[in-house]
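Only one chain is included here, represented as structure tokens and corresponding to the form predicted on its own.
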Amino acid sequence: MNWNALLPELILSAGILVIFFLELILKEKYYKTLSLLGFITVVASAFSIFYVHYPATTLLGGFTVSGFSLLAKFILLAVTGLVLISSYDFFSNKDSVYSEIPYLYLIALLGFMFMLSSGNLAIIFVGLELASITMYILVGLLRREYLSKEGAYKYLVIGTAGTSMYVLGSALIYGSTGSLAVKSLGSKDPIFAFGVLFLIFALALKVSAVPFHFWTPDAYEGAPTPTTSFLATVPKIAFYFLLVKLTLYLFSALPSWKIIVAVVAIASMFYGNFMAYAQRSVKRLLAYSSIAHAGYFVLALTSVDLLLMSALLFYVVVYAVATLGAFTVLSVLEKKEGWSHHFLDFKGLFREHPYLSSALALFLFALIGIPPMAVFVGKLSIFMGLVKNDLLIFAIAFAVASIISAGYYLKVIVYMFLHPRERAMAPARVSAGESFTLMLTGVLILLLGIFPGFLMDWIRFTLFHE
């Protein structure tokens, strides 16, 4: 047994057990302490990544460590840490503190980390379900609120359908090839084609792509807003790193995979953007924005081109940073009594909260893709990658969909800065964790836009050596 290969997961597992035990014996007033302990666990696990020797294999060949998987884990740990320290004040202001939240975030993270190091469809499934079941619980934690229960129920039912498709696809692939090892799969058998098709659909559901997106608006709206920021960032990063690996070794073995992926991507881009215009809740608007972004991301999987896939992963990471910042602002505002995320609540917000309004505007401009922000670099890189691979029609669709999306982001900014304030509310208090998260995400969005080479080169190096 190669314990060194499992070092980040072992540290994370130990932290989960410690927090779980302390949560049983401590009172709810220690919730902040448990959240900080969860943050320390994440930092320790991230730090341990630099001591992992790779490439390495353990668990009878089912768990593989590479530079690519370690990079993904480091990014996941960093984003989860920011979610943890920005969430404790939100839950402390609720009627009751949900002291199990810190270790639930970490359990979901552990599932994603196992999933990314799995070279076997069965072990990927174990990590996927560990994360998914935990997220169903996280969405439904506000037990007194109908929207939370409704969102969790829809997520559970539709997520279970995705699980069934994944299991059926894996079984068909095993029946066709006699193996579940991702790197050794490939067959001209129609059964293999059906298996790959079911896997694509299962993972399309997990990333909120059309037509498997129906859980997303309700889950995003009903979940506690810090949990929404987790749902909108950490799973996205994990699944797209996984999709890149599966596209390289599995999906591309199916000749018609490009057509399937392109149809899902284009439908997601345009449906998500047009539906976002019809929303009256900014939180729900960002849910449809995530569906549109799923289309942008999936479109980059229509070609087995490592440069295009590097651009995709860069885009996913900087999108996650901007989205985390936006939902952190919404979390701060939701602590105000009577706040509902309705557009009317945002009228004249700049006059009442100039710093929060400016931060939210920064993140929305970033999501539009306005230079010099990092999302612009991601969008431009994907556009150029599609053109380079003779996918001009997809590149044009990508550009048109991005232009369409600008309207609903700008609508929020117009409400905040150009409309008069109609009703007074209590001021929103920003905690130290929220301030740190907003400051760091804002700085990263600008720095990675001006100096994208650092992250882009890191992603390319690990992907080319995968």
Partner chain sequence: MEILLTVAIFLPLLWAGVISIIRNEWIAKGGAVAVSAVVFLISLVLFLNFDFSKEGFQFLTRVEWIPTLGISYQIGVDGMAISLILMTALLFLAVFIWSWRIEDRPVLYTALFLMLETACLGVFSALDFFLFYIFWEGMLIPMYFIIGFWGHDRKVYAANKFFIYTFFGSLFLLLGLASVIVYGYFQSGSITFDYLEHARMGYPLWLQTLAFLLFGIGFAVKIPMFPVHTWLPDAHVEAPTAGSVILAGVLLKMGTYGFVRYSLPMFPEASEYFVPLIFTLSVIAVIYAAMMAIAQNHIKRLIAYSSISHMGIVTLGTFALEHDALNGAVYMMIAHGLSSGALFFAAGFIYDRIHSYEMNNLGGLARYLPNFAIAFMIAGLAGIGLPGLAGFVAEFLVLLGTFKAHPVWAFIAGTGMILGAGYFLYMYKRTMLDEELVPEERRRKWSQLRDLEPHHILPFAMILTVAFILGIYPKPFVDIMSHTARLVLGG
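Predicted model only: the values in this text are computed from it and were never measured. Positions refer to the first chain, counted from 1.
Keep in mind that the form predicted together with the partner chain is missing from the display, and what follows is about it.
- When contacts are judged by a 4.5 Å heavy atom cut-off, F112 does not count as touching the partner chain in the model of the complex.
- In the model of the complex, the partner chain lies within 4.5 Å of some heavy atom of S381.
- The shortest heavy atom separation between V387 and the partner chain in the model of the complex is within 4.5 Å.
- A278 falls outside the set of residues with a heavy atom inside 4.5 Å of the partner chain in the model of the complex.
- The candidate stretches are 403-411, 428-436, 56-64, 41-49, and the one lying within 4.5 Å of the partner chain in the model of the complex by heavy atoms is 403-411.
- This chain is displayed alone, yet in the model of the complex one of I370, A78, A161, A262 has a heavy atom within 4.5 Å of the partner chain; that residue is I370.
- Taking a 4.5 Å heavy atom cutoff to the partner chain in the model of the complex, the contact residue among H342, K183, R143, R351 is R351.
- Each of L392, A399 and R460 comes within 4.5 Å of the partner chain in the model of the complex, counting any heavy atom.
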